[in-house]
Structure formats: structure tokens, C-alpha cells
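Below you'll find only one chain, the form predicted alone, shown as C-alpha cells.
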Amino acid sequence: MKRIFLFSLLFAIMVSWVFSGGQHSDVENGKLDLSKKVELQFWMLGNAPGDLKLIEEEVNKLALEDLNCTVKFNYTTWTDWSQKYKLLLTSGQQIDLIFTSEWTDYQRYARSGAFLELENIVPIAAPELNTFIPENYWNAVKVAGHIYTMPNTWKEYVYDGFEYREDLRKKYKLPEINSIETIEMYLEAIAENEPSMMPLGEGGTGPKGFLMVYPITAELLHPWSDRSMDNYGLVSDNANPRVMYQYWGSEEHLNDLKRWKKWADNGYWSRSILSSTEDPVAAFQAGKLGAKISGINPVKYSQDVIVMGKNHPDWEVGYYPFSYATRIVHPVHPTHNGFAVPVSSKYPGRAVALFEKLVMDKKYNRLTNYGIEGVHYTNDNGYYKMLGNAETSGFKRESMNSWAWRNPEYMLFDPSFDLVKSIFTEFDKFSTPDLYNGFAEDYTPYQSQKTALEQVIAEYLAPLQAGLVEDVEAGLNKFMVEAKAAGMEEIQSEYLNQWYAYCDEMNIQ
């Protein structure tokens, strides 16, 4: 409870600072005040591209003329980004724009008072953007009736899949990848025949345990379930979203854990997988991994095709979206890629106006998505063509992590992206709206139990998921005992209450 108090207190101090004169509002009397030259602080997640300074200089030439401002682009890096994100939003330092998503806890931060309400700023500071974004998108990102982020409108699918070396599949005369059985045949062939290569190698744990097993568990082994399964051991049925089942401790859970034990015993990943810090993207592109699962989606697949096609033209990259098997897929929710204006912003109107430029102005948009034309890329009859290669380019496509200001009218794609478009076209045939990612879980009532449960997951569940526990059934029983002691049942009860309230609000039956 102490941590909850501290978190709330920090926001209270910051909000007090803002309304005591710390904020320099530049939207007054229905107008955006551009009279004073200012510098905006812009924060994004991840790692900065090598030529960021060059891009920043070019953006500032435009912004100085258009909005009488400059902008400083800042990055968290991917290391401990969650903690850094929290510190940024509680420190009180000037931040004028910051990336938001459901996976950065947008709804929770909005509910806690971290962001400014935008419904009275956007129409004045960014009228073109205000009409460009459809009303249903604005409505979808509301929290407690207010808009706290500017959503991206590009329709994309980020569903997981199995990415692998198609040339190796052909080399060993394996069947096409289209099921868990064919995936296992591929992994077995790599383990037996490619001694310098690990079949899978993506380490890392999160609130749900070993990250790598989630996509394949939810989207291939149990296609009836919501892809975000599980939440504190609860799983919802896509056909009956209101109904949730107990997955942890079930026969299905036990069988899944036994499968991961078999994969570990067969050498599909290292015995030290949970502590691995190796970048799986770099390892796969360098030929050290036979396949990837965690965090893979059609766009990331196309990026590997570009890089590996340049560096190793004799290699082929294959990709099997799990949704081809399940026939269940949803386009991303409007909360997935957005930008908010924190309460510590000094110039909220100017920040929103700059974001409008990034989305709506072709010069800003192309510059920050693809770099300087002729230096970093060329426009080859409507296709993006990177100059140099992955090692020499100082600005690769979307390397500013510019997902939130994609504009379909200005987007350039590598010819390999036609593969992604064909996947999206196939998804369009059976996609349905995302009912889940608009749910704003408020875990304040069970924060202390949640913290305790995450420790139990890390200590007992993650090793089970990584196949490192010899007696799987005994290990699962021990995990359930410890999870209940940590407060699992109290969490589930309150979580279900919130879920039912959300279903009522959204008329989900």
C-alpha cells in the first residue's frame, strides 16, 4: 500500500505544480499562441536511430518556420523502459509529448491524472488532425469520458506467428509450417542438424512469466481463448467474452507445461533461457536462431525480410501467422499507438500542433519515418528503398519508432511489404473488432497482492514454463499454493467485477 500512496502522492504534487503556475498554457481564448519561441520535449520508447540529430535538425528548420518552436527528441532505450516511463511521468520534468499504448498502461496513467485532457486543445491547435481521426477512434480512447491521447488510424494487425528459415525447411524436406506439429518437426530438425544454431532463443520474463510461450499458447494451442490470455490465471472465451475460465491449475495448463518441458529437454532453447539478454532479432538475422515466436507480427517479419535479404540473399525467411489456423484476428485497438500530453507539459497547444504536422504534413511525415530522401532512402516508383544496408544506414525505415504518426496517404513500403499486405488482406476476410484492449483495468485495489503474485510467478511459474522443473505436476501444485497465498483469488474477484462492468458499459454479452 505504501507504493500506491507514493505513486498517487507524486501525481498529486505534479498536478498541484501544474495548476499553481508551472504550466504555460499556449491555448487561450480559442487561439494557439505562437508568439514566443519555445523548445518542446518529445519522448519515445526504445532506442534512438543513429542519425537522430540529423533528422532533428531538419525537423527544427520546418517547425521553427511553421510553429516558432524546436523539438528535442528523447528516447528511453528498451532497457528497463517501464521503470523509466513511470519516472518520467512522476518526476515533474517538462515533457510535452509522450508515446502511449495499452501496453504502456495508457488507461491507468490517464486515470491517475498523468495526462492532460485533449478534447478542448486538439480542435484549436490541430483542427486538421481533429477531423482526420474518425469520431469512433476518439471515443475508443476515452477514459472516464475524456480524451488523453491522439490515436493512430492506420489499420494493422499485430497478431503473433512463427518466423523461421524457409531455406532450412526446404533443405531438410520438411512439410509446410501450418500447425504445432509442423513447428515441432522444424525445431527438431534444427536441433539435430544445425549445431551452430539454437532453434529458439528469446529470453525474458514479464508479469505473466516466460514471455516466449504466450503467443503460441494463446493463439495456437487454445484458439478459443482471448489472445491476451491469461490475466491472473483467467481466460476469456472469444465466443463468450463475458465468461472467464480458470486456466491456472487446469488440465490444459498442466498439459501445456508438459509440452514446454519436452521442448526444453529436446534442446529447443538453452537451459539458461530465463536469464538470456541476447537480442533475438539480431541473433535471428545473424543466423544464430532457427526461429522466433515472441513479439512477432507481419510488419516485423517484413523488416527481417528486408535486412536478411540484403545481408544474406541466399537465405529465405518464412512466416506462419497463428491466425491462419485459428481464423480469429482483430485489427489493433485505437489505444495501441498514440501520443499524450503529460500534465508537466509547458506548451500543450504547441505540442499538439507539432504532432498534427508529423501526421498530416508530408514533409514532416516522410522525414521522420524514412529519413532524408537521397541520403537514407529513395522513392522507387512508390516503393521505399533503403540506401546502404542495415549496418551502414543511420536511419532505417520507421527507426524513430514512429508508429503513432503513420499516415496511410504518405506511407512507403519496401516491395517485400507486399507480403504483409497480402496477409492483411487475408485477415480482413475474417477479422472482428477488438473487445479487449479498450478495457481499462484499475489494479489500485489489489496493487499489493499483484506485486506479491508477480514475485510468485517469477519464482515458480516461469521456470515451469521454460521446462526447467523436473516434476511438472508437483511444480504446478506448488505454484498454485503460493499464488493463492499471494492473493490470487482476491485479485481475480475484483478483476472480474471490473470486467463485468466494462462488458455492461460496452454492451458485450
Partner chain sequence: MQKKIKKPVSELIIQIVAIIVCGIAALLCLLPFLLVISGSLTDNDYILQYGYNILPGKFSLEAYQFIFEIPGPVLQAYGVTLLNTTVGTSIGLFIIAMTGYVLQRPDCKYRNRISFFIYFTTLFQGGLIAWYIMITRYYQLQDNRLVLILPLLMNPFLIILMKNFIKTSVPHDIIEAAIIDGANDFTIFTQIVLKLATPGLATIGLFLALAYWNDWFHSSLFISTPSKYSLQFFLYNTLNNTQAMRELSQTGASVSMEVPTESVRLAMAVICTGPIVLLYPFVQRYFVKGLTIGAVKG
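Numbering follows the first chain given and starts at 1. This one's a predicted model, so the numbers in the text were calculated from it and none came from an experiment.
Form predicted together with its partner chain: not shown, discussed below.
This chain is drawn without its partner chain; in the predicted bound form, the residue among Asn120, Ser250, Thr392, Ser275 with a heavy atom within 4.5 Å of it is Thr392. For the options Asn193, Asn255, Ser179, Gln83, the one in contact with its partner chain in the predicted bound form, meaning a heavy atom within 4.5 Å, is Gln83. A residue is said to contact a partner when one of its heavy atoms sits within 4.5 Å of a partner heavy atom; Trp103 meets this definition for its partner chain in the predicted bound form.
Although the partner is absent from this view, Arg397 contacts its partner chain in the predicted bound form, with a non-hydrogen atom inside 4.5 angstroms. Although the partner is absent here, Gly287 sits close enough that one of its heavy atoms falls within 4.5 Å of its partner chain in the predicted bound form.
In the predicted bound form, its partner chain sits beyond 4.5 Å of every heavy atom of Phe430. Of the candidate stretches 381 to 389, 129 to 137, 349 to 357, 432 to 440, only 381 to 389 has residues with heavy atoms within 4.5 Å of its partner chain in the predicted bound form. Not one of Gln107, His330 and Ser422 comes within 4.5 Å of its partner chain in the predicted bound form, counting any heavy atom. Contacts between stretch 287 to 303 and its partner chain, counted in the predicted bound form as any heavy atom lying within 4.5 Å, involve Gly287, Lys288, Asn297, Val299, Lys300, Gln303, listed in sequence order.
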